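Just the one chain here, laid out as structure tokens, in the form predicted on its own.
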Amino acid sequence: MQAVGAIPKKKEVGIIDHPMPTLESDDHLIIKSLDVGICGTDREICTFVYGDPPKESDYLVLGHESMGEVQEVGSAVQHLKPGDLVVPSVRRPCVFDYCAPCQAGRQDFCSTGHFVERGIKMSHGFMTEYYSEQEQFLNFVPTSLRDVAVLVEPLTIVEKAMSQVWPTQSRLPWVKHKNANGGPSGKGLNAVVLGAGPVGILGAMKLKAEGFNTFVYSRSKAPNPKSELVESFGVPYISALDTPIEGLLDQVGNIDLVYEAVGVSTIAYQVLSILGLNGIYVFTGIPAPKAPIEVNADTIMRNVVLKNQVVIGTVNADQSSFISAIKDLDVFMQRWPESLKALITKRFSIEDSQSLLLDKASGIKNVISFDA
């Protein structure tokens, strides 16, 4: 069958003849790929700065943002059946019994670094016609989300971030309001999202849905397709070309939360320097290696101490984040259906994969569709 892979030794990217999967054990399923999103991680792997094939292979099948349909189930599978739509998680636990996070099913906090990640590290990804996976790493998706379920994995980034933000901020009477379910609400609090890529836009939707006064701060001058999309669900878009860092506070007020989704250290640290009293800052971006930058370290350090600030880094996601993402996609579909669908710029065939991975990035979220 066809798959899209990177061959590190040859520094080549293209369509590869990949073996059909089999049921490796009783708890495995065979999944037909329907949609696979292309993200910055895939494109970076294709520059060969990282990305490791499995030991027995000289190539790595790409793709970790996936939605597929169950085709066949092993005899021990309990909750899924043929025809069900599923989204797979990405990271798999390490094999060491002394790694408490992995033993507890929290491989997103693996303490050994010997985890594997599908489509990224030591395990083939999902940009292929079919794949095999254990039931515990698959998440059921209702058919009503068929057109947008490929966005689940990037949405898990903010889901995991917020699962850390709320408990951390319980250190103070930060939340004065509750949502309809009795959970915490961001009503009355100001949040800034850095970056207007898919992760940033989904983060803005999440924060808006949670009640925050949400703003997106990005470089490109408005109007542009991303600014129009952001504003279509009621979030102001602020261009860094129009509003320098020092002017951001005039438009936002005290910044209670920053969700960084831009991966550019210069802008990230500049905004960190204006984080508000008792604020919390979440880093999600992974900048490419570059020359060192100048940082106003004294100001940042003074603020963190004197303003009781918190800085959190977050990577990958656990099963609860996938479950939350699926629930929130349903919320977004009910509130902003056209905006959510517009996040997906276009669906392409596998024949277009090489240009999508190697040429200059365009659009917001491009998807390889195997269901054409």
Ligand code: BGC
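Please read these numbers as outputs of a predicted model, since none were measured by experiment. All residue numbers refer to positions in the sequence shown, first residue = 1.
Beyond the structure shown, there is the form predicted in complex with the ligand, which is absent from this document and is the topic of what follows.
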Practice task
With heavy atoms only and a cut-off of 4.5 Å, decide whether residue 91 touches the ligand in the predicted complex.
Solution key: yes
Handout entry: Distance check, residue 41 to the ligand in the predicted complex, heavy atom within 4.5 Å
Key = yes
Handout entry: Contact of residue 316 with the ligand in the predicted complex (heavy atom, 4.5 Å)
Key = yes
Problem - Contact test in the predicted complex: residue 145 vs the ligand, heavy atoms, 4.5 Å - result: no
Practice task
Report the stretch among 83 to 91, 161 to 169, 222 to 230, 247 to 255 that approaches the ligand in the predicted complex to within 4.5 Å, counting heavy atoms only.
Solution key: 83 to 91
Practice task
Assess the spot marked by 13, 124 and 358: is the ligand within 4.5 Å of a heavy atom from every one of these residues in the predicted complex?
Solution key: no
Fill in the blank from the handout: Note: exactly one of 238, 267, 189, 120 sits with a heavy atom within 4.5 Å of the ligand in the predicted complex, namely 120
Completion exercise
Answer key, the ligand contact in the predicted complex at 4.5 Å (heavy atoms) among 286, 277, 95, 293: the residue is 286
Handout entry: in the predicted complex: members of 131 to 156 within 4.5 Å of the ligand, any heavy atom
Key = 153
